[in-house]
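You are given C-alpha cells for the same protein chain in two forms, set apart as structure 1 and structure 2.
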Structure 1
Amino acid sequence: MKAAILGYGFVGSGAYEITRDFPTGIEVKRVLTRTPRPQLPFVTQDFNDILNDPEIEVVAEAMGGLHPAYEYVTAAMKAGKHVVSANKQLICHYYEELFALAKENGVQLRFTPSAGGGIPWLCNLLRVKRCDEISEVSGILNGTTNYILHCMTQGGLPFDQVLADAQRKGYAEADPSADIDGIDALRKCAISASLAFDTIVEEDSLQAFGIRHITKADVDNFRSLGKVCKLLVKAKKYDDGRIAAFVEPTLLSSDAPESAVPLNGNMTTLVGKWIGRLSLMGQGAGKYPTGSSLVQDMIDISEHAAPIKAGSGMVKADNSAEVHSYYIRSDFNFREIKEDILVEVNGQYCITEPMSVADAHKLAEHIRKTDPAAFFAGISE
C-alpha cells in the first residue's frame, strides 16, 4: 500500500524511517512539509500532489493542531483515501464529524497513536470490548507531566527548573500549557472514554485540574502523607448509563502501580466485566514509539482490519457521583468553607471529606477567585 505522511516532525519522520527500514508493506510515496527539503526527493509542499495521486491510498496525519490538519484529512477522505492520525486535538474536536465523513466515503479513520503514543492502548481497548463490557478506563496519559512530577518527587527540584529541563530535552513544548493545564490528558481521556463506552463524550464537559501551580512544598507535603502525586485520567460508566470523565493530580500510595511509572512514561488501565483489570505501561510519546503506532494503523488498513466505529449519541460527562477526598493548598481563608467538608487543616494545606468531583471543581473555581495559584489534588482511596 502506498501512503503519504503529512508533517515531517518527530512523529512523521519516525513513521517514515520505520517504513523505510522494516518490511511493513507500506511504501511512503509523498511527505508534505512546510519547508523545502531538497535532500528528500519525495517531499512536497503542495497537498494537491497527494490529493490527486490515485496511487496513494492512505494519508497519515502527523502535523498536530486543528488547521490545516482538518482541511487536509477531510479532503483526503472525500477523495477516497483512508486516514490515520496521531493528532488527539483533531480527533477529539471533530470526532463525530470525521467518523461520519469516513463512513460516507467508504474509507477508514484510525487514530490509535492519539492516546498512549507507543503503548498499544486504544487498539487493545478496541480488542477487549469486542467480547467484554468495559466499565472504567484510567491512567497516566501525559509523559510531560509525569516527567515533571517524577523529577520533583525523586530529586526534590522546583517546578520551574524541571519544566525548563523538560523543554530542553524535548519532553515539553515551548508553550507547555496543554500539558501542564491537563488539556492534552483531557482530550485523550475523552477519546478513550468514547471508544470504551460506545458513545461520544463531549470534550467540553470533562473537568480537569492541571499541575501548573504545584510547588516543592506540595511535594514535601505529599511525602509527609506517604503519598506520590501523578496526573491521572479517569472515566467510568455507571449502571444507570451516566459517564464520569475527568483529569486530576492524584495522591497515590507509594505501592500503587502508577506511582512507579518513571520519567516520561505512561500507564493505562481498563476494567472489563470478564477480563478484569488490564494495564499497559511504556513510552507514551516520542519519535519511534508514536511513529510505530501510526504505521500500525496503516498496516491494519492494508490488511483489511475491521474499521473503528464511532459510538452513538453525544453525552456530557457527569462527575457528580465520583467521590473522593481532596488535598487543597491555598492562602484562602478556609473558615469561609463549610466546616463539615474539612477533615484536617494546618498552616499549609487542608484535606477534605469525600466530595464529588463536580463539587470539588466548583470549590476550586471559588477559591481561585482570590488565590489563582491554589493547588488541588484528588486522593485515591
Structure 2
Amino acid sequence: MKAAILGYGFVGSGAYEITRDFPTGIEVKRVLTRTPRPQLPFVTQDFNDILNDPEIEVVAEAMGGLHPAYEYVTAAMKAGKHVVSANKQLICHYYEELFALAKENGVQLRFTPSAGGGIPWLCNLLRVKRCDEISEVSGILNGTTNYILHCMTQGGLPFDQVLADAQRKGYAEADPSADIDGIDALRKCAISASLAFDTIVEEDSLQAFGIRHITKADVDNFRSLGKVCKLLVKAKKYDDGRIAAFVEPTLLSSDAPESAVPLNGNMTTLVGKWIGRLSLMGQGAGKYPTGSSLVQDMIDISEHAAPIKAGSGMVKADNSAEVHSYYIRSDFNFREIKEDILVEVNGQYCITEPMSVADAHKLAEHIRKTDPAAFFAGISE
C-alpha cells in the first residue's frame, strides 16, 4: 500500500525510516515538509501532490497542531484516503467530526500513537472492549514529564535543564507548555476515556494540574514523605453514567507499579469487568517508538482491520466524587484555609484532608491569586 507522511519531524521521520528499513508492505511515496529538502526526492511542499495522487491510499499525519493538520486530513478523507494520525490535539478537538467524515467517505481513521506513544494502548483498549466493559483508565501518558520527574528525582537535576534535554530528545511538544501544564496528558486522557466509555468526553471539561512549578524542594519533600511523584491521568465511569476525568501530579508509594516507570516511559492501565486490571508499559514519546505506532496503524489499514467506531453523545467530566488528600507547596498563608481541611502544615507545604478533585481546583484557583507558583499534587491512598 502506498502512503504519504505529513511532517518530517521526529515522529514522521521515524515512521519513514521504519517503512524504508523494514518490509512492512507500506511504501511511503511522498512526505510533506514545510521546508524544501533537495536531497530527499520524495519530499514535497505541495499537499496537492499527495491529494491528487490516486496511488496514495493512506495519509499519515505527524505534523502536530490543529492547523493545517485539520485541513489536510479532512481533505484527504474527502478524497477517499485513509488517515492515521499521531496528533492528540487534533483527534481530541475534532473527535466527533473526524469520525463522522471517515464514515461518510468510507475510509478509516486510526490514531494509536496519539496516546501512549510507542505503547499499543488504544488498539488494545479497543480489543479488550470487544468482549468487556471498561470502568476505568489511568496511568502515565506523558513522556516528557515522566522524564523530568525521573531525572529530578534520581539525578537531582534542575527542571529547566531536564526539560531542554527532553526537547533535544524529541519527547516534548513544539511548545512544551502542553506537556508541563498537563494539557497533553489531558487530551490523551480524553481520547482514552472516549474510546473506553463509548462516548465523547469534552476536552474542556477535564481538570489538570501540571508540573510547571515543581522545585527541588518539592522533590526533597516527597522523599521525606516516602513518596514518588508521577503525572497521572485517571478517568472513571460510575454506575450512574457520570464520568470523572482529570490529570494531576500524584504522590505514590515507592512500590506502586507506576513509581518504577523510568525516563520517557508511559504506563497505561484499564480495568475491565472480565479482564480485571491490565497495564501496558513502554516508551511514551520519541522518534522510533511513536513512529512505529504510526506504521502499525497503516499496516492495520492495509490488512483491512475493522474500523474504529466512535461513541456518541458529548459528556462533561464530573470530578466531584473523586476524593483524596493533596500536597500543597506554597508561600500562601495556609492558616487562611478552613482548618478542617488541613491535616498537617510543615514549613512551606501542607497535606490536606481528603477533598474532591473539583474542590482542589477551586482551592488552587484561590491560592494562585496570591502565589501563582504554588504546586499541587494528589496523594494516592
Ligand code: HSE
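Structure 1 provides the reference sequence; residues are numbered from 1 along it. Between two forms, the rigid core is defined as the largest C-alpha subset superposing within 1.5 Å. All figures in this text were calculated on a predicted structure; none of them were measured in a lab.
One chain, two forms displayed separately, with the form predicted on its own being the first of them, structure 1. After superposition on the rigid core, the Cα atom of Gly106 is displaced by less than 2 Å between the two structures. Taking 2 Å as the criterion, Ala75 does not count as shifted between the two structures: its C-alpha moves by less than this amount when the rigid core is aligned.
Residue displacement note: Gly156 has its CA displaced by at least 2 Å between the two structures (rigid core superposed).
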